[in-house]
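Structure 1 and structure 2 below are the same protein chain in two forms, each given by itself as structure tokens.
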Structure 1
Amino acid sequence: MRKLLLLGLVQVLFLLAGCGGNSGGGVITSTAGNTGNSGGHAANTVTMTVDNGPNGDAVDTPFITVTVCAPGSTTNCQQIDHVEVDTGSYGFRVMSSVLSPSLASALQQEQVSTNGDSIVECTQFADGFSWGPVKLADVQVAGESASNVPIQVMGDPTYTASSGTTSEIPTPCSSTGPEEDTVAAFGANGIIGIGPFGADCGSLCGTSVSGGTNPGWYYGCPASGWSPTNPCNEIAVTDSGQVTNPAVFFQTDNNGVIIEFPSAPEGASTLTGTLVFGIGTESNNSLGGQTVLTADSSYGDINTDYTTVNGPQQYLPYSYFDTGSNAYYFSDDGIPSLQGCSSYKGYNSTTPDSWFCPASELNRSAANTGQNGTQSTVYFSIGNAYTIFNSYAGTVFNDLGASAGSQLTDCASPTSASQDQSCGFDFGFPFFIGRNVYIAFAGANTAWGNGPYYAY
């Protein structure tokens, strides 16, 4: 109970900060039916905060607060703060360790219909995996809500039994990288993936397991009595059972999102922005002068032509906009990185970062083109990450960049680039500072066309 109140107080502070001191809000307890007028916010918006996160080490990472309720309940609810906002993933995931026992036990376990096994997911991130059951919950963000949303409870001990050296986590899952099932390992209390797709895996996870087309994200685990001879088994789960971007389930305002951040001074300790649900559905979410770049329907990517510092052009048809990346990630052999930064304080010679460290601030540009042929050039700056971190104690940086590896020959011509998914430019969080970026969901209808598209 004390924990709920504490979170409620924190929520009030965020609201007051975000609304410039408008004191219309009170302490939020149960948020069921919250029309969102407290604090002066529209019902379809929620405050995003960039701060150093629950581990105190995050940079350029936006967080929101999400309310989770047991299905059908208006009282068994909990506000989860420091949920990372990630436009590069799909679905809401919360760390088991932050859920109150009464809420955790009341979430509804998704089950395999034939044998009652619990559906457990091995979520694949580029840097590791998260293992945990798929549960149904009522999810609320600001005044938007959806019932019976499949979410993932990461690191639920019910499904991480072990016997000797054999873990309940199947080897094909743990083979994708290190486990990220604690707040310390994950860097947040949860993550909300609001990228351009709904279901996290898509149609491949609905295909038969024996045919080899199934990437193996979903498993059926014994509800109890796991043992090495009674293990979790790969299963097929169609879109409707997969962990899904909650925004697609909102009754209205469900066709996309807008990420809005004002400009920020370099090295600010926090930055407040607004996450808006819906495109063209309310008075606060129409496109203004933004340019619409449609994305490809399989990956949600657009095309970027980037001229490197040394001159050669990189063709990057697998480019995207990702609040879940804390920097501009791209290849440019003309910008020092890795061992080229070894003279700077903070360089770790054992496990070096790949931050860029130009001697002076670089002004760069990237020419983006949508599938619709519409073009838009992005101007951005890349600073020396090491001197930046040594100069500022804050968490918000406009010019953080990191190398995605050496420039690939494949990306030197459009034809070979189209065959190589490494040919991509990741416009990470710094891109979103000082912009309103619209992301229309795949298959959704908006007044400016069908998703998936980006507009900025």
Structure 2
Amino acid sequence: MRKLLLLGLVQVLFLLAGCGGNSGGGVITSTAGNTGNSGGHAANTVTMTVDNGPNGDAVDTPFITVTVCAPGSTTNCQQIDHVEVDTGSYGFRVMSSVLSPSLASALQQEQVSTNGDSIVECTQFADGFSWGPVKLADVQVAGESASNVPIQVMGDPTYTASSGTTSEIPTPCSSTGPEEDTVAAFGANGIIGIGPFGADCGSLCGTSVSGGTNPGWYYGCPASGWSPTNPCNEIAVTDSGQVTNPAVFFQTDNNGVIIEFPSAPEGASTLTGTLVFGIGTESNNSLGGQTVLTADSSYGDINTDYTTVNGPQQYLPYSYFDTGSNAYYFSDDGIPSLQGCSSYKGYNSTTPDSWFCPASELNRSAANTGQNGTQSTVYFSIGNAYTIFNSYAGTVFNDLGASAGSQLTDCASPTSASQDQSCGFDFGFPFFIGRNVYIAFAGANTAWGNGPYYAY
């Protein structure tokens, strides 16, 4: 997940509230047995809507409605609207502020088996972090449901105490970027990560915290009585206890998803698509003539060869497809961005962002290669984000791009996370417009082979 907000144009985007979709942060208390499925849809499908989000400033962001219930209950449930669909992360997360008190108190807290501490997660997104406890909930999407799913409750005030200059949020977490634990900061009421893996961290988070390989996402925190002398401590959590993609727990239709969006004119006010669960499990999710690109079994990445505007070709081994990114993100020093965009209306010199701003729209291409050796060339365009936002009062843009950092000459052996970022091509939401994109989960069996793979 990666997002940019053009700060200088926020007031322009707020004007879209009356133009498409529910722009409020509404959270609907559901009735017993309500699955959140829309009439006329198959049980394994749910409508995705691209609109301006609960804050009125979202662009290229797909949302669905998810029903959350207390474990085992069919009455203590809520429908949570404006849940972002993110194929670049894993697991369901919901803002604490949107949960009703009755549901929030009924969600079961995961605990450290040795001392009873609460398990709390620091989720590290590309543009910030989220801090909140891991709890068990029953999750329903359309006609699909899963029980006792580990989810994260983002921004739960029970775990945000402070004393003087010391915060309950550990410094290794808070130093990773801005905190995004409010609807205003995050831009959604929740997020459902349906990328190619189930658990959000995998085996590394299950390794010893003293071994140097654990990335430090999970902590054990005192259920009460936090203090600087009784802090949260980094812990190891195995896959079964980690925040997990609910779709892998569905009874059927649990081997992957399909993202389906029609074409849309530049600057459309809204766009409606379909999220389909399962690949080859129903009459509506068979693979047709799409090209199958198998992904790395550890990271879910494919290889991309991209020739920059100034000529050098880049080999990018950490590339992926991400509905949670609202633009194409890649490195190309030949396309103006950052200070190079300062002449365009909307540029903010105090907090310069990395939108691409070429003088005229650029037609580009990238050659993707799966681990199976199959290749597919993607053709796309990159427009000037500043002129786009000033020209269209909409939320759907098929040519938004942004810089992932300075381009590198050698990505065969990156030595840092920042280099990993520059050595990948993030095919964000614009890639999905006008396509059906299949994402098979790692280890899952399909008629077209085992996941992880992408097909489009």
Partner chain sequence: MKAFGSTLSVALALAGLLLLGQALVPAKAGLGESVASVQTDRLSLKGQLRARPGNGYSVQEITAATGTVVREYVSPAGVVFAVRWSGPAMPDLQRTLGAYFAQYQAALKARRLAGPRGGHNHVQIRAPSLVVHAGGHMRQYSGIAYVPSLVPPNLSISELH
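This structure is a prediction, so every number in the text was calculated from the model and none was measured. Each residue is numbered by where it sits in the sequence of structure 1, with counting from 1. Only the largest set of C-alpha atoms that superpose within 1.5 Å between the two forms is called the rigid core.
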Answer check: the form predicted alone matches structure 2
Please state whether residue 358 has a C-alpha shift of 2 Å or more between the two structures, with the rigid core used for the fit. yes
Rigid core fitted, is the C-alpha displacement of residue 251 between the two structures 2 Å or more? no
When you overlay the rigid core, is the Cα of residue 332 off by 2 Å or more between the two structures? yes
With the core fitted, just quote the Cα shift at residue 343 between the two structures, in angstrom to one decimal. 2.6
